[in-house]
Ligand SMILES: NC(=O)c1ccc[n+]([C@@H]2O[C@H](COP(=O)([O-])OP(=O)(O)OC[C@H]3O[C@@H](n4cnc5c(N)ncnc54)[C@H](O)[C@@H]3O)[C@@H](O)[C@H]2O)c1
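Below sits a lone chain in structure tokens, taken as the form predicted alone.
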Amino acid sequence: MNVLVTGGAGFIGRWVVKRLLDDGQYVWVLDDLSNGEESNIAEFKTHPGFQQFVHGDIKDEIALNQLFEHKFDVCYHLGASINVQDSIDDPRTTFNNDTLGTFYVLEQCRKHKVKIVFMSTCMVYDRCLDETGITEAHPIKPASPYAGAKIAAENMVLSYFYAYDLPAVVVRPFNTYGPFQKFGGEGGVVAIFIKKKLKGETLYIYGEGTQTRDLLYVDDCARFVVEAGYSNKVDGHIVNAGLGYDISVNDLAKLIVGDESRIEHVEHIHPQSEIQKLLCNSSKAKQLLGWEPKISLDSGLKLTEEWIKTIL
């Protein structure tokens, strides 16, 4: 298939591109490099399936028009502003990229009849209340402009499924981590903690650290995202993916560094955006896609640490 990955030079995008190439697809990447780095996909440039990297913006309709002349079968739309805290400080940029940008991509998909896989986020959910985990029917709560922009974009994506019969699926991966994740921002807590551990530095935790996260290894996440593009069973659906196990940020820090004296708590920048408990129920992904996570948290942390050691 001919496939476009927006945000393909980003952390998860890089792994999605890798899996698509491994599967024998022809892949184009569009990325403005505001979050991603071209070095993330440098190793794929000589792959016979890798067609083109376009340094461009999803809000540039002229560039999108030219790109979609390649007659794609699927568009994996991962291009977005991804930082929750930044969205509170600068909601305009997040809205323009995540909602408006998605609209421009949708219009091209409609015009050219291209299936869209829209990358949303677990940050749209309200806190988990029990140990059965968050299903797709769980209440949403846009506690940040990032979550609000993603919910707006999700609704636009699903409206194109209903209004135009466009094949479309919304995927909501939980807290993804692994090799190639950046050390900056609040999103890469695993990468940040491991880097600080290896450098002998103090691990800082925002707030009390009792908030829990369901940590999904990036290759498991990429496999989920890619397979959502291959199957028509998920068209018109919202689908979660997570490990199905949550851990508090305090316990995660202890698991990574071992020495509690190296952990300090600092005041949270934007506590209103915090979701106290995130625990994923992926039963729908298993039912419709046959997808289950393969990498345990312990294994994923080891793989991530081995990668970070190679670049420090």
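Note that residue numbering follows the sequence shown and begins at 1. The shown structure was predicted, so the numbers you read here are calculated from the model rather than taken from an experiment.
Just so you know, the form predicted in complex with the ligand exists too; it's not on screen, but the next bit is about it.
J.: Name the single residue among L243, I58, I41, A253 that comes within 4.5 Å of the ligand in the predicted complex, judging by heavy atoms.
T.: Looking at the other structure, the residue within range turns out to be I58.
J.: I need to confirm a contact call. Of I82, V239, A147, V190, which residue comes within 4.5 Å of the ligand in the predicted complex, counting heavy atoms only?
T.: Comparing distances to the ligand in the predicted complex, the residue within 4.5 Å is I82.
J.: For a quick test of understanding: in the predicted complex, does each of S87, P142 and S273 have a heavy atom within 4.5 Å of the ligand?
T.: No, the candidate spot makes no contact with the ligand.
J.: Any of the heavy atoms of L20 lying within 4.5 Å of the ligand in the predicted complex?
T.: No, L20 stays farther than 4.5 Å from the ligand in the predicted complex.
J.: Hey, in the predicted complex, does I134 get a heavy atom within 4.5 angstroms of the ligand?
T.: The answer is no: I134 has no heavy atom within 4.5 Å of the ligand.
J.: Spell out, yes or no, whether the shortest heavy atom distance between P293 and the ligand in the predicted complex is within 4.5 Å.
T.: Heavy-atom contact with the ligand at 4.5 Å: absent for P293.
J.: Is there a heavy atom of V226 no more than 4.5 Å from a heavy atom of the ligand in the predicted complex?
T.: V226: no, not in contact with the ligand in the predicted complex.
J.: When the ligand is placed as it is in the predicted complex, which of 31-39, 279-287, 66-74, 261-269 ends up with heavy atoms within 4.5 Å of it?
T.: Only one stretch qualifies here: 31-39.
J.: Could you list the residues in 118-150 that come within 4.5 Å of the ligand in the predicted complex, counting only heavy atoms and keeping sequence order?
T.: The stretch touches the partner through M119, S120, T121, Y146, K150.
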